[in-house]
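Have a look below at one chain only, the form predicted alone, in structure tokens format.
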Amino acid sequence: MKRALLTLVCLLGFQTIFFAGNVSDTIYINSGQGLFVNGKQMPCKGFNSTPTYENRNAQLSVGIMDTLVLTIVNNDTILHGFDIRGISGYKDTLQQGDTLEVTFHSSTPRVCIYYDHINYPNNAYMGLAGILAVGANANTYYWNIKDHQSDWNDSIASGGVVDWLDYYPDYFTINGLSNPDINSDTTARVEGNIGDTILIFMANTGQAEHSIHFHGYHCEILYSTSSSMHAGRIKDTFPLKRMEGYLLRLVPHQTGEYPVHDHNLLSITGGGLYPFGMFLTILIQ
């Protein structure tokens, strides 16, 4: 078994005292057939919570000051890697059947992206990239945004070469699902009441750029992977470059059901069909 150890300390002036605990979790690197809207299937990979492949990556969550002891098992037939974007000390590799253990700790709320850095961006594009959330509350939601160019997955899965300068995705998902199925995902479809403090951990783990737009509400940026200067901004639209993310705080001021979608209308399609892409709704009672 390989082992990597890193303690991440981010002090932003918090004076609250937190009592740390330990959390253990295991994820598996799997290959399988991803099922998309209109019945489209294509080879994909994922960091899953069981040894069985599913479109959705395991959602990792840890409390402020808690320590996450994470075990990664390579259940695939080829070499893979594990890293946490933007944080040094985690990058390591796993041969077929190998196991890696890492320890993660943070003292401030944030969104992190864990991913396979081997043969980047191919393995991450195939699905091996997920969200590690720090500081979730009782009203927390997760949006792991991905995109695929359907005729590429077979090529990459068989070891072929693709030209990323000629990338034109045609399937778009949140947590591995598209509209209307995404609205059945209780970890993604925001529901709440006026005055609730709702947290949304959002990351673009695809290879296209996206711009997520809220109707009806504005959100405050609590954390941005790209710049600390983004924190405190209150907006209704959040541009997301590749492998970047936000931690957002939403405090609803009105009731209703309002859409959230990518401003790039192509991303609201799936296989050329509208609106079977990156589109879901917020329901406030």
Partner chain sequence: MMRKLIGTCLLLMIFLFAEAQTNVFLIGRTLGEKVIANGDTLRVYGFAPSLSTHPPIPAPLIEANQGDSVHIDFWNVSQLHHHTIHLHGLDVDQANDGVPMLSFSVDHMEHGWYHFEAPHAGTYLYHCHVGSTLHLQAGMYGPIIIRPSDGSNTTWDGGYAFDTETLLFMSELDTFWHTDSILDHEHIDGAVHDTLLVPKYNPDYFLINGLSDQQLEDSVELNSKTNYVNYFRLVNIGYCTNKVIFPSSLGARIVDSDGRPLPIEEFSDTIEVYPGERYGVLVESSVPILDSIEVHYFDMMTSELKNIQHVKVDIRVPNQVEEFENVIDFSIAPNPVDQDVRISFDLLKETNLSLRIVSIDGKLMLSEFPRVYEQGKHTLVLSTNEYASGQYILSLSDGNNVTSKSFIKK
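What you are looking at is a predicted structure, and each value in this text was computed from that prediction instead of being measured. Residue numbers count along the first chain shown, from 1.
The discussion below concerns the form predicted together with its partner chain, not included here.
(request) Could you tell me which stretch in 64-72, 22-30, 47-55, 231-239 has residues with non-hydrogen atoms within 4.5 Å of its partner chain in the predicted complex? (result) Within 4.5 Å of the partner lies stretch 231-239.
(request) Please check if F172 has a heavy atom lying within 4.5 Å of any heavy atom of its partner chain in the predicted complex. (result) Close contact exists here: in the predicted complex, F172 approaches its partner chain to within 4.5 Å, heavy atoms only.
(message) in the predicted complex, is there a heavy atom of its partner chain that lies within 4.5 Å of any heavy atom of Y120, even though the partner is absent here?
(response) Close contact is absent here: in the predicted complex, Y120 is far from its partner chain, nothing within 4.5 Å, heavy atoms only.
(message) With the partner left out here, check for me: in the predicted complex, does some heavy atom of H218 sit within 4.5 Å of its partner chain?
(response) Although its partner chain is absent here, H218 would touch it in the predicted complex, with heavy atoms inside 4.5 Å.
(request) State yes or no: in the predicted complex, is some non-hydrogen atom of N144 no more than 4.5 angstroms from a non-hydrogen atom of its partner chain? (result) No, no contact at 4.5 Å.
(request) For the three residues D185, I194 and R249, verify that every one has a non-hydrogen atom within 4.5 Å of its partner chain in the predicted complex; reply yes or no. (result) The answer is no: none of the three residues contacts the partner (heavy atom, 4.5 Å cut-off).
(request) Let me know which residues along 271-285 have a heavy atom within 4.5 Å of its partner chain in the predicted complex, or say none if there are none. (result) Contacts from 271-285: G272, L273, Y274, P275, F276, F279, T281.
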